[in-house]
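A single chain, nothing else alongside it, follows as structure tokens in the form predicted on its own.
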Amino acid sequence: MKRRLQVMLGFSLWLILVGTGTARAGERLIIEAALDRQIVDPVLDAFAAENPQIDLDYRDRSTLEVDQRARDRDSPPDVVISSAMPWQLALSNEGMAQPLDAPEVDQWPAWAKWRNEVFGFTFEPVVMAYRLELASHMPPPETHRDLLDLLTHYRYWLDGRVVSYSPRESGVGYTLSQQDARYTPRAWDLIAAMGAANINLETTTQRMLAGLSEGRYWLGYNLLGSYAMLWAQTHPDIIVQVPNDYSLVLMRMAFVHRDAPHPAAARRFVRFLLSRRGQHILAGQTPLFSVRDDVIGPYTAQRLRDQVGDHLYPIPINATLLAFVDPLRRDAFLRRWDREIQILSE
């Protein structure tokens, strides 16, 4: 009878731990993320300090690699983080995310979450960046129209010196190209002009920034502002410009995987990202820009709105994103992109 009572008490304790999201001592937490560790380290360090019983395994990969890992049925991660917003929403739509029931979820703004499963926890502007020496040859661009004019009238100086994302090899690059085409009818003119200037295509913002600092590139288009602003702090030759006509805003999206091997630790981590404490660290110690309006710091969504005004266009977390990953639509978009980018460069 005593043995049976011990078993029942042990099972009841297990139910309490799982129900409240309390991680067990010595539990791992596997995070597949398209987010540079050096950028998010303050958040990871704070979480680790508050949860020393959790062994954090953070894996930094490209957006498309993260999507592939999330679909690995034999070895699924606990938490998935990516800036490739359509891919994250598609994973949730395919049943790969589990809902999170927590006060932080109830308080999270509706425009930054999907079905209480996927959460946009950053608010990052998409920017242009250029080398300071560019200003000695041409007026620096402040708008998309300015950029098109430079590519048209200063093609000699910019030939082979412009860089942007590859929409074919980068999920975030494809997302930004799609959004540009959605917000301005001149997007295809701009793509054709970049092709005429023999644009270079990269898979990460960090590669673009390195090329700018090395002098291989003079002008970068559609960089993630979080990385660019941090880079510019230690590279005074690089100027970051939030476009004055419109600036897309990207959100890193996080969710607990449906088959998370360590679900309690996973739920605890995502709740931390959404908590006031986690968002305060984002706002004060990283350039990722927090979403919550009850935190203060140099990097908050509200402060960015105050600085930029009405020119911010957050990419909405809604069903329209699912159309972007439809294979037929994606193939059609990329075929046109290839055609426009090559029209004048041949």
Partner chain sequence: MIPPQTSLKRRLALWLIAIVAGLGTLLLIEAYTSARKAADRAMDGQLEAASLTIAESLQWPEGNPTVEMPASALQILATRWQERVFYWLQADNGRIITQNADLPITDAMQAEARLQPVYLDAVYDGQPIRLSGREVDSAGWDTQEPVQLWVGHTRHGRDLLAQELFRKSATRFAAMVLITAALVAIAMRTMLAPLRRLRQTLRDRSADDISPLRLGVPKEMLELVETLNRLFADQRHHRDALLRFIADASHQLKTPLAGLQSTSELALTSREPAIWRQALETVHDSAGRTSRLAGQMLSLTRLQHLGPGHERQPLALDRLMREVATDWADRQDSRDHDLGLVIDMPTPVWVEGERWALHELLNNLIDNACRYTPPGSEITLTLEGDDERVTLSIEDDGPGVDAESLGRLTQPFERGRRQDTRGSGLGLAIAESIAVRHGGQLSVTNRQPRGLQVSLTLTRCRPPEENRT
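Keep in mind that what you see is a predicted model, and the values were worked out from it rather than measured. Positions refer to the first chain, counted from 1.
Keep in mind that the form predicted together with its partner chain is not shown, yet the notes after this line are about it.
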Notebook entry, point to check: Thinking of N93, L322 and P327 as one candidate spot, does its partner chain come within 4.5 Å of a heavy atom in every one of them in the predicted complex?
Noted result: yes
Check: Using a 4.5 Å heavy atom cut-off, which stretch among 230-238, 194-202, 142-150, 113-121 contacts its partner chain in the predicted complex?
Finding: 113-121
Notebook entry, point to check: Would R168 sit within 4.5 Å of its partner chain in the predicted complex, counting heavy atoms only?
Noted result: no
Check: Does at least one non-hydrogen atom of Q307 fall within 4.5 angstroms of its partner chain in the predicted complex?
Finding: no
Checklist line | Contact flag, R258 vs its partner chain in the predicted complex, heavy atom cut 4.5 Å | finding: yes
Check: Even though its partner chain is not shown here, does N318 get within 4.5 Å of it in the predicted complex, heavy atoms only?
Finding: yes
